[in-house]
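First, one chain by itself: the form predicted alone, in structure tokens.
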């Protein structure tokens, strides 16, 4: 079995926790909780986490499915270089972002999820993983003349390959000369009623 790429799981966990932080922050702010300012903080922190985590990192082995519109956010995340590429920094950042939101009941679930994502990022960093952007592959256009060797000579449906082989000259001579169209042994009459 292959090794687990923990960064992929941490990315999904952090993105979900960012959305949970935003939701809890909206509930706390709109509900005018006694410490509603922690709710406002959670909204800002959740948006920041979602923007940071939206672009997926490239996997070491296999293919990685890009999220819709990821290429625009990837360019922004790449600008920060080692601050966003290094998973140690992400682990500490997520842990620090989760602490203030933990003082409010509406945002405590987002806090717990972000702390778990921080732990998974720390595990990914210890195992030597780092964020690398998904680069679009240049598309190779197949050359029309190079892909089609010889077009088929008879239309479909075609008989199996064994039946398509042309008889050799000896077999053709054994059958005798072909004198044109074959004759039908049953007489056919054309009656119009």
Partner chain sequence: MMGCWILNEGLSVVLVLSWLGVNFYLFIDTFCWYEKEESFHYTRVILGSTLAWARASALCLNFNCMLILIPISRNLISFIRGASICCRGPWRRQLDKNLKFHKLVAYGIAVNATIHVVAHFFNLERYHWSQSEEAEGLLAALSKLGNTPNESYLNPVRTFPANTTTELLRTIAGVTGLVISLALVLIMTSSTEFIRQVSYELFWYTHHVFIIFFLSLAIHGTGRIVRGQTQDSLSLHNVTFCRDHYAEWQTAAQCPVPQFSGKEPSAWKWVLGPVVLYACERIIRFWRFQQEVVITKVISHPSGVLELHMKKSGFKMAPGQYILMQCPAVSSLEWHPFTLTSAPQEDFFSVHIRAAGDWTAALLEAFGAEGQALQEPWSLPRLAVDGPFGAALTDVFHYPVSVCIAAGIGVTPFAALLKSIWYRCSEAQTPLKLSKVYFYWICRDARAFEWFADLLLSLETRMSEQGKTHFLSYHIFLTGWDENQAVHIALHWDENTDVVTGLKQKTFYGRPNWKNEFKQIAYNHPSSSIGVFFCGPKALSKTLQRMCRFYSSADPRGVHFYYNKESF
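This one's a predicted model, so the numbers in the text were calculated from it and none came from an experiment. Numbering follows the first chain given and starts at 1.
Same protein, other form: the form predicted together with its partner chain, not shown, and the subject of what follows.
Taken together, the three residues 44, 52 and 126 all stay farther than 4.5 Å from its partner chain in the model of the complex, as judged by their closest heavy atom.
Only one of the listed residues (83, 95, 105, 73) places a non-hydrogen atom within 4.5 angstroms of its partner chain in the model of the complex, and that residue is 105.
Its partner chain is not shown here, and in the model of the complex it never comes within 4.5 Å of any heavy atom of residue 40.
Though the partner is left out of this view, residue 31 does reach within 4.5 Å of its partner chain in the model of the complex, counting heavy atoms only. Although the partner is absent here, residue 65 lies within 4.5 Å of its partner chain in the model of the complex, judged by heavy atoms. When contacts are judged by a 4.5 Å heavy atom cut-off, residue 22 does not count as touching its partner chain in the model of the complex. The partner is not shown here, but in the model of the complex the stretch 106 to 127 reaches within 4.5 angstroms of its partner chain through a heavy atom at 106, 108, 109, 112, 113, 116.
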